[in-house]
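The chain below stands alone and is given as structure tokens, in the form predicted on its own.
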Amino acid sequence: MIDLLAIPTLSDIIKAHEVIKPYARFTPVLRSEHVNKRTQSDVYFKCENFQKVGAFKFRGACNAVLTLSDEEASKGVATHSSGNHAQALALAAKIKGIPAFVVMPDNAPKVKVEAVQNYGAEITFCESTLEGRENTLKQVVAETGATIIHPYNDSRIVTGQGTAALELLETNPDLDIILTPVGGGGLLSGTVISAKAIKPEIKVIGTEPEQADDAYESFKAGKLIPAYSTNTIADGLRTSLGELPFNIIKTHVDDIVTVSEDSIKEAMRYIWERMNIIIEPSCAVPVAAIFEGKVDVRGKKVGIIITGGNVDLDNLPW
């Protein structure tokens, strides 16, 4: 049996990259003179909004599903997710030819719900709380016998997410800093494993909304503190930090900073207008962090992982 809470290594992430390579896109890295001038830095955006399902989550889900044993895969897979992991797991399951059962909060963006349905997953809705998600998932698994693929508290997910930073540093080895959003922590923990193993002196910083700051509070306290209030526009970051990601983050990440809701909206709109790409609120968070000066990037080469572009166009924040 694989220890799903074992801390992965760079070699695990390299293996995951080989597993997902036939299916996941090697996403582009874009730059903006507007952003560089505003921040007095050189920013490299790893555009996972161009990934399959429109988000980095496909990396982890693809790795997890494709490395299941036949017995684990026999009755399908199940998870809870506000959207991007749900879509990713649904597509990965479709590729493998097995059913997917997804628990989604009743306030999940319509665009993400429709996408999950289009990939063939069966959706069960629940209250928009961690307790609601987990209890409903238990019921679904009891009824179906499906194997749970947790959105972030799973070493197979962490290694898959770490492949984005692996690619980013392969094409841009001179980076001084990498910033990612942090919700459950799968991306940040996978990123820091890749980045620190490849370039030990690089800084890796997590960014989070002030209205969903459990990772920030946990990092500062040195112990897991659950998310009690997640009233943020960044719907992908409303979940609590996971045990496995926290064990990695608390040891290896250099810092976690928080940003305001207004700055998230402003950064999101700025990237839409200046770079002509669609990003969702969650991945505007690291952009807001450098715009607000929460991270000093002046004169630095900065990597930002743009995590997704799945936005409800009928409910924009401006």
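Note that the coordinates shown come from a computational prediction; the quantities given were computed from them, not determined experimentally. Quick note: we count residues from 1 along the sequence shown, nothing fancier.
Same protein, other form: the form predicted together with another copy of the chain, not shown, and the subject of what follows.
### Query
So which of Q40, S69, T251, N276 reaches within 4.5 angstroms of another copy of the chain in the predicted bound form, heavy atom to heavy atom?
After the contact test, the surviving option is N276.
### Interface segment, criterion being heavy atoms within 4.5 Å of another copy of the chain in the predicted bound form, picked from 26-34, 284-292, 61-69, 258-266
Flagged stretch: 26-34.
### Query
Taking heavy atoms and a 4.5 Å cut-off, does Y216 contact another copy of the chain in the predicted bound form?
Y216 lies outside the contact set for another copy of the chain.
### Query
Within a 4.5 Å heavy atom cut-off, is Y119 in contact with another copy of the chain in the predicted bound form?
Y119: yes, in contact with another copy of the chain in the predicted bound form.
### is_contact(D314, another copy of the chain) in the predicted bound form, heavy atom dist at most 4.5 Å
D314: contacts another copy of the chain in the predicted bound form.
#### Entry: Stretch 51-87 - residues with a heavy atom within 4.5 Å of another copy of the chain in the predicted bound form
Residues within 4.5 Å: K52, G54.
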